[in-house]
Structure formats: structure tokens, C-alpha cells
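Form predicted alone, single chain, as C-alpha cells, below.
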Amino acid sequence: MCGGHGICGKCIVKIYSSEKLTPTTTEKKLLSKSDLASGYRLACLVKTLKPTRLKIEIPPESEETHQRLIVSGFMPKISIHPTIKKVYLEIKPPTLNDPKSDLNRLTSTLEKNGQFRITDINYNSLKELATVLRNDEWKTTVSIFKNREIIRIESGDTSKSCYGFSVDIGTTKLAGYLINLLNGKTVSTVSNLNPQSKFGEDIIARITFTMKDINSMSEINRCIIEGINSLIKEACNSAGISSNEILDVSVAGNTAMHHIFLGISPRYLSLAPYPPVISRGLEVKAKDLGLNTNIGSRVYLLPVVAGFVGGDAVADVIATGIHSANDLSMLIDIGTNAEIILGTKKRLVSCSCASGPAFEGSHIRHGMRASQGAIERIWIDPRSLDVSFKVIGDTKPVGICGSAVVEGIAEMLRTGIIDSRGRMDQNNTKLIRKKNDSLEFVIASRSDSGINDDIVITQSDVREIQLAKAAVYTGISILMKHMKIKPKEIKKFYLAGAFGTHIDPSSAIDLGMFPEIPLERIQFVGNTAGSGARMTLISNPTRKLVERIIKKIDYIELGANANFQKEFISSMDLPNTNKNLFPTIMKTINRNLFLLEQDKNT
């Protein structure tokens, strides 16, 4: 998950070797003494000093399984006005009395229609023009980009077949949508993990990789292009069409993914003041990027707001409609980086928080992605403190996904297993134990798990979630204070993305990640980044709207805010140093502690 940097501790393997392989300092930190003694190591850090024969056992928790990816999302109805139009023509052939050029004959016939003013023709189409026109007795179909450029010509009438492709480039996943541009309907939806993950799980790791050497930038760019081409092939095979039928492409992604996709160095995104190379929307020829679509097709990239608020956040805005809302709304898209936008149709403010990979299971002792075998829900009885859980795939658990870690720690807070500082108390329950000088709480015993160990939430895991949730709430709090509003004034609270879709909002509120607002105001909108990308594919006016929207989105750099440190430190407490902000969880904690004390006395 960390790209082989020995940080996440997720590539645990058991090695049988006659050669003595001395553990690294990192392995001694991430693995227990008993694990190291049994031959468990981190695959990315093991190096042999000479050619040797190794036997490697991959435990269940290290095996890669199919991850549950969120590709669908809320999308409002919009009028269908794509940049591409296909027109069937029956052209008068040349005669000795009328020998004008084939291109003039084609364009004059088109312009009689009234809506076209042809100024250019794709070079490849020009080369084929004479042959194609004569293949079917001057009956042809012309594909026109923005009413001015001919990008494809075909023999006969193919005007009922017109496709585009939208892509959401997430840090963790890729989502692709094959769209019928005639009616705006999605023909095929495909997804996969972002293949760039091998270079690092988070944005900073990938930016760092691009600076490794002279070839690194082209290597990571080629990786994402190949990943998208794989999605295009899969979607076209599913629909029974050729990728040559794709005449337009739209792409949404965070600023780093946007730059890497374009082959632009993201180096300065990691250096203050974090400026992007380009922020406005951009149209590029697909062939220049290496995409396997029609040679005349274009690629539209949604504009970015700032260094870490990208086109995916802009796509979220247009899909949820907060740019045109009268009611005060907040939108949060949480991943390894969290983007937050607050406002109404009059004004929007945004920020980005380094929430880190903990929410996706990284840096968590038994954390994993939301795939088969992952615990996805956790409940703790407030009186007996017995733990129950639900597993993806209804199998024995091999780990805990990020949203369940949040829910588990919220349950630990509610039941008094941890205090407001996140500290565990061994006296509270027998399920808390000390191992390798650190406390841990047992979620699933070895007998109930699918691995040769108990599945636990450690004291270190609690700290990782505290840091992540504090980053998110700090961003929310600073935006609210900037707008001079209270949580109760937020009428709609949109949660986007995979983590936002699966998280239990009451647990997030109780931990102090989200402000305390009525649960009925919270709406799960799914992958609205993908929805926004599709909207710009099927509607050219939406592209123009997007350019107007970004001009009214103010960006706040949290690190430059005078209150950042104070807000972050306050947000590290559970739920917050200011307990008055979260009255509901405080009542729950006090009630459960009273019941536990009552049980002890009886």
C-alpha cells in the first residue's frame, strides 16, 4: 500500500530460508518479536546477500482480494448537448461542370444545415476523405467537434452510433463510463484500482516518485495511461463496440493525478505555496496523450481550484448542485486527501486536509481495504462490552476496513474503553491487553478470525484515527469560522466518495470528525466526481458553467491560517477539547459509564 517504502506494514510474508536474514529497524518497529522469531518479514524490505532458495508463505491478511469500489453517484438530469455531432449527408458528386474539391463539396453541404461553420478537418480524416466519400456513392456520416472541426468521416449512415468516455482518476481507484452521446445514457461502467499505487499509496509518495530520476515522470504517466486504456478496452468489449467509436473523453481527478495524467511534473504541488501548473479547463488531443480512442477525439480535463483541491472536487460541486443552492451546504470527499467545500450559490469556500491513508486501512495494525474478509461494521455492548461485527463476504475476518476502524473506535469511546485522550485502560475490560509494550483491544479472537492471530485495534491505531479525524474537523471548523456560521446553520451535508459512502455518520460525529448536525441532513451521494465528469461529457454548456463556478470558489490554505495549530490540537481530543460542541456523545458516555458503575456495584 505504501509503494514498497516499508511504511504501511501490509506486505507481511513468512520466509523459510537457510540464510540468516537480519530484520531491519523498520521491521522491528512494525512487527512483534514473536512474529520476527517465527520468520515473518515485510516483503518490500527483505534483501538477500547472495543467490539463495527461499520458500515464502503469504498469510491471508496479506493476500490481495477484490476491493469494493464505488463508481456510481448522484447525478442530476441535464440537457444533452455534447461537443460531438454526427450528421448523415448525401452529397452531389463532382462533374466536369462542377469540379470543386471534395472537402469544399463536403463543407458546403454541411453549412447548408445552418449550424455548422467548418474551419478545420482532422488530418487523418483528410487522408481518407476521397476514398470514404466514394465508398458508398457519396453517402457519408461526418463527426463534428464543436460545430467547427471534422474529426471523423465514415461511409454510409452511422449517425445513430456516437460514444464518449468519462474517467474519474482517484488516488486509489479508477472509474470509467462509456456514454451514448446521443441520449446521455451510460452504456457500460468499469473500475479498477489505480495502478499507480505501486509507486505509493498517497499523493505525496507519488509526487516524490516523479522526482526520483529522469525516467520516473514518464514511467508513472505511462502507468496511468495504460490503466485508463485497460478500462476503455473493457468497457468497449462489454458494449460490443470498437474503441475507435469513442469520439470525446472527459477526465476528473485531483490536481496531482491531473498533472501526472497530462505528463506535467507535479513537483511544485509539494512545495509551498503549492501552485498548479495550470488550473483552467483544458482540451487536449487524445492521440497526444496516448489514449486508445478515435484518432480525432479530444480529452477535456475539468479545471482545478488549487494545489490540492482538484477537478474531482469541482465535479462534486456540479453534481451535488451546491453552486446553485439557496441553503447553506457542505460537501466532503474523503480519501487519503479530504476536500471540503462550504457555501451557497452566492459564495463557496474550499480547503484540503491531509487526512492520510488511515481511513483506507493503511497504518492500522489489522487495517485493510474494503474487500472480502474485511470487518465492515463493529458494535460493542455498553454493559457487557462484548464485541460483535459484520464481515464483507460473510467469511471469517482477516482485517478491518477503514470505516469499521472509525466505527470501532467510536464504540470504544461510547462505552468508556478509551477516554477523551484516546487512552485505553486495562482495568476496563479483559479484552484490553498489553502486547509488545502497547495496549490493544481485541475485536475478533484467533478462533473467530481467518488469520493465525487475534484481530485488534491498538493504541497506535487510535492515534492514527485521531490524527486523521482532527485534520478533517480542523478544515471544517476553519471554513465555518471563515464564513462566520455555526454547525446548526448547515442545511445539507454531502458525503462523497467510497469512504464517505460507507462510514457511519453518527460514529464520525461522535469521534468529532464531523460537526454535530441532525443526521437527516446528511446525504450520501457516492462517486459524484464520476458523475460530474459525465455531465461535462454530455453537455458542452456544463463545461462553460464549470469555468464560471471555479471563479467563485475561494481557497483557504489551512497551514497559513493563524488558528490552524489551535484548531488541530483541540480536534485531537475525542470528540473535541470543547465538549459543548458535541453534547449528544457526552450524554451517551456519561450514561454508559453510569450503567457500568451500577453493574459493578450490584
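What you see is a predicted model; the values in this text were computed from it and never measured. Note that residue numbering follows the sequence shown and begins at 1.
FYI, the form predicted together with another copy of the chain isn't displayed, but the following is about it.
> Is V284 close enough to touch another copy of the chain in the predicted complex, meaning at least one heavy atom pair within 4.5 Å?
Output for V284 is yes: heavy atoms within 4.5 Å of another copy of the chain.
> Counting only non-hydrogen atoms and a 4.5 angstroms cut-off, does M480 reach another copy of the chain in the predicted complex?
No, M480 stays farther than 4.5 Å from another copy of the chain in the predicted complex.
> Since only the chain is shown here, I'm wondering whether P518 would be in contact with another copy of the chain in the predicted complex (any heavy atom pair within 4.5 Å).
It does not: once another copy of the chain is placed as it appears in the predicted complex, P518 has no heavy atom within 4.5 Å of it.
> Considering only heavy atoms, tell me if D102 and another copy of the chain come within 4.5 Å of each other in the predicted complex.
Heavy-atom contact with another copy of the chain at 4.5 Å: present for D102.
> I need the one stretch from 158-166, 343-351, 241-249, 257-265 whose residues put non-hydrogen atoms within 4.5 angstroms of another copy of the chain in the predicted complex.
Of the stretches listed, the one contacting the partner is 257-265.
> Which residue, I232, L431, I118, V71, has a heavy atom that falls within 4.5 Å of another copy of the chain in the predicted complex?
Spelling it out, the residue with a heavy atom inside the cut-off is I118.
> Let me know the one among N215, N427, S447, T95 whose heavy atoms come within 4.5 Å of another copy of the chain in the predicted complex, would you?
Checking each option against another copy of the chain in the predicted complex, the one that comes within 4.5 Å is T95.
> Within 4.5 Å of another copy of the chain in the predicted complex, counting any non-hydrogen atom, which residues from 121-140 show up?
Sequence-ordered list: Y123, L126, K127, L129, A130, T131, R134.
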